[in-house]
Every structure is written in structure tokens, then in C-alpha cells.
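Okay, here we've got a single chain as C-alpha cells, the form predicted alone, with questions on binding and movement later.
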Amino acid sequence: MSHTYRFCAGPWNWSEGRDPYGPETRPAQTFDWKLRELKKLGFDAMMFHDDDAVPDIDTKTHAQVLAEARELKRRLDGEGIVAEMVAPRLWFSPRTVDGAYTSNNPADRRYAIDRSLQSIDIARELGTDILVLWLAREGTYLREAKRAGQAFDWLIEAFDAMLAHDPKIRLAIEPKPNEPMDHAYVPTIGHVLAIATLTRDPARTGALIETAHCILAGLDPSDEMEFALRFGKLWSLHLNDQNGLKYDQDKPFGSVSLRSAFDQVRTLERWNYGAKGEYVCFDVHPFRTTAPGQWSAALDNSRRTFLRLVEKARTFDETRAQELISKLDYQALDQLVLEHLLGK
């Protein structure tokens, strides 16, 4: 493989250090600063929640929202940055405490669909055809509170409304098994691809895979990516790392397991991911102790690690690996990988 990868991040990846147990440790930076910083880091695109693109979105008319989206497009063009995707940030709204598309309140389900349709309009103004759906609160704290089958029908109804709203939009569903919900209704890529078959246009219903979310489900990220790639459904990525089955940590790519990161890159190389214009996105956050002067290190380091692993994937002795595989000599294969990563 020899194509050049293009990279993407979101404005939230310069977080201020707040966690559930303490306040911010860094002052907020402006959006314009983040936009300029992204370009300096060698990134090509920015991903947006709808209220990243249009702040205080629920207080504005649809005409105002679209006018601000057009102004954002001019600012992006001025910096040579494109919009990779838009995602409705439904989990922040007081109207989605019981879920968005799967709320037991019909009016709240309608709100979630309407806001998603508006996100599609924003995406159109920004020049992207990808709507990412992280189904953050689509699940339950109590199994008795909802019927799963009914919730699946509500999800399909919402997806169908989005697909009908714009014939060019593609839905990239981002699975996660838990957090903030106890159990999510669409926890893995297998669930995503299964529910895609029930929509009005399965060809426009695909996936975004995040490394950490796979690990939280006890699954191997490279296998999940290859599964989606086999179906032609991996339309975006959130690469990061995760220390076990804990809360979502969003560590820099390769921070915990360099070998797992290598396997992910090798999978992307095998399937020529990016050759059709797909972006490699990093969903990482600076450590809470990070000083403002090192604010961008998590993104910069993730990109540097990725590119080093691209070199490792392209120089791995595949011929020798296949010889060992044919002999079932996995012990030697294991060492071949380790020594390659160690630089021997």
C-alpha cells in the first residue's frame, strides 16, 4: 500500500481537563485557535457535533442555524480545512434523559429526529455527506423500563427519517457497549450492521469504529475494523487507546498497547482504508495534568505513532509470516511481530 493518509480531529479533543471528580485544569481556547492549531499539526479535516458548528443551537431558528453553518464553511475554507462529519449531540439535552430516539416520551423522540434532520442540513452546508450517530443514551438503566424490540423499531424509524431527508447522506453509527447507559442497545459493530439491513437504504447505513469502544466491549479493535471493512461499511474511525474494561479513557493512540495499535494499522493497510477519501480521526484527550503549552501533544503524538506504525506495517516480513503460519509455528510468529516492533 502506498496511499497517503489524511487526518482529522474534533474541537473537543482540546479538552480543559474536567472529569467527574474535579474541575477544569486548563483555560478554554477559542475555536479559531483550534482551527489554526489543527492545520499546524498536519491535519486535514475537523469533525463536528451540531452545536460545535452552531453554538447554542436549540435557541436559534433553522434559518439562523444554516446561516451560521455557511459562515463556518467560509472559515474552514480559509484555513484549508474540510468538515469530515457532523453528529447531533443529543445526550446533552434535558429532553433526552430517557434516551433520544428510544425515549418513552413520543415528543422527545420527535425532538431527537428533528434535531438530527437539522444536523443533516448543517452537514450539507459544510460539504460532508457523513452523519455520525453515537447512540449515547439509547439503552436503559433498568431492563424492565423498555422493550428492546420496540426500541429497535424506534431506532429504525429515526434512521429511516434521516435517510429520507437527504438522498446523499450516509449514516455512520458509532457503537459503544456502555457509558453513559448501563447497557446500550447497539453495543458493537455486528449490531450496527444487523440493524442497517432493516433500514430503508442499507447501502447508506454504515459505521464509525472507535478503538476504546471495542476494548470496552471486550473485543479486538482490529477484528471489529476488519469486520466492517469486509462489508464495505467502515466510513470513519476514532483511533485512541484504553486501559481495560473501565470508563472511556480516550488515551493517545498506541498509549496502552502498541501491538494492538500495530494490528489496527495493519488492518487498515490491508483493506486500503483511506484510498477512497476516508479520514483517520483521533478521538483523544490531553491528560488532566497537561499544561496549556502541551495542549496539542495528544493529537500530535497519536498522528506520529500512527505514521510510524504505517512504516512498520509496510516493512513487516509478510513472506516470512506466511511461512510460519503455514507451519502453525505461532510461537515464532509471535516473536517475529515483537522483534519487528522493537526495531530488530
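As the structure is a computational prediction, the values presented were derived from the model and not from experiment. One rule holds for the numbers: they count along the sequence shown, beginning at 1.
From this point on, the text means the form predicted in complex with a small molecule, which you will not see here.
- Partner proximity in the predicted complex, defined as non-hydrogen atoms within 4.5 angstroms of the small molecule, places exactly one of 258-266, 70-78, 94-102, 170-178 at the interface: 170-178.
- Among the residues 235, 134, 154, 253, the one placing a heavy atom within 4.5 Å of the small molecule in the predicted complex is 134.
- For the residues 248, 108, 226, 125, the 4.5 Å heavy atom test against the small molecule in the predicted complex is passed only by 248.
- Using a 4.5 Å cutoff between non-hydrogen atoms, residue 210 counts as a contact of the small molecule in the predicted complex.
- The small molecule is not shown here, but in the predicted complex it comes within 4.5 Å of a heavy atom of residue 87.
- Using a 4.5 Å cutoff between non-hydrogen atoms, residue 12 counts as a contact of the small molecule in the predicted complex.
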